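Okay, so here's just one chain, in structure tokens, the form predicted on its own.
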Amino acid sequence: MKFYDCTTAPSPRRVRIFMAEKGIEIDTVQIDLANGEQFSEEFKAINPLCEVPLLVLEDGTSISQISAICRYLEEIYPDNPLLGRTPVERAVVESSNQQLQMNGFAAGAEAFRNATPGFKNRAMPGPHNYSQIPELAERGQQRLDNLFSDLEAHLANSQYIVGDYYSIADISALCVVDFAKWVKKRIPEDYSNLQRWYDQVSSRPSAKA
């Protein structure tokens, strides 16, 4: 297998942490997003979406999208399950992870890509160009504020995102909080529950992956 990565990007970091938690080592190829290597004909041949992360199997199958990559890795490396241990837990983890994708990563991407000069006409990732919309940057900022508030309330009664079980949802939430720093959003000083959780998950060795 080969894992196509970019160490400076927040999305592939979620997969790196996932792999680190499971002790998985995969040959890695770095894609230079800053210099547009994702748009090269060579890379487009294996991933027309022009995005990382990407996992390419021995038979040439390409798996894009974070949730799909992690699902595949969970299936072939079942030890230390991160997607849930029971049917109910798996459903709750997936629900939480989807909410974090929608209200966290999508919000951060709105705020960042619609306001950063270097992303002019690149307001959405992928092979197609889209103009920036300043109002979406403002909305993304508001959505991140709401996410932080919601997480603060949720973590008042929960050690991790899903009870006392560290899961892929915590990986996603950690990466969202760090990604939010790109648009100058940080955990408010009075959010003690969110800060307690953040300190706990960011101190895990995998967080440095």
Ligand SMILES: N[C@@H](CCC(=O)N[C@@H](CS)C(=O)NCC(=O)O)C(=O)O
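When you see a residue number, it is the position in the sequence shown, counting from 1. Small disclaimer: the values here were computed from a predicted structure and weren't measured.
Omitted here: the form predicted together with this ligand. The next part is about that form.
Engineer: Would Arg139 sit within 4.5 Å of this ligand in the predicted complex, counting heavy atoms only?
Structural biologist: No, Arg139 sits far enough from this ligand in the predicted complex that none of its heavy atoms falls within 4.5 Å.
Engineer: Considering only heavy atoms, tell me if Glu152 and this ligand come within 4.5 Å of each other in the predicted complex.
Structural biologist: Outside the cut-off, so no.
Engineer: Within 4.5 Å, heavy atoms only: does Ile24 come near this ligand in the predicted complex?
Structural biologist: Ile24 lies outside the contact set for this ligand.
Engineer: Would you classify Pro125 as touching this ligand in the predicted complex, given a 4.5 Å non-hydrogen atom cut-off?
Structural biologist: Contact with this ligand, yes.
Engineer: Which one, 34-42, 142-150, 168-176, 155-163, holds residues whose non-hydrogen atoms are within 4.5 Å of this ligand in the predicted complex?
Structural biologist: Stretch 34-42 is the one.
Engineer: Are there residues in 1-21 with a heavy atom within 4.5 Å of this ligand in the predicted complex, and which are they, in order?
Structural biologist: Counting only heavy atoms within 4.5 Å of this ligand in the predicted complex, the contacting residues of 1-21 are Ala9, Pro10, Ser11, Pro12.
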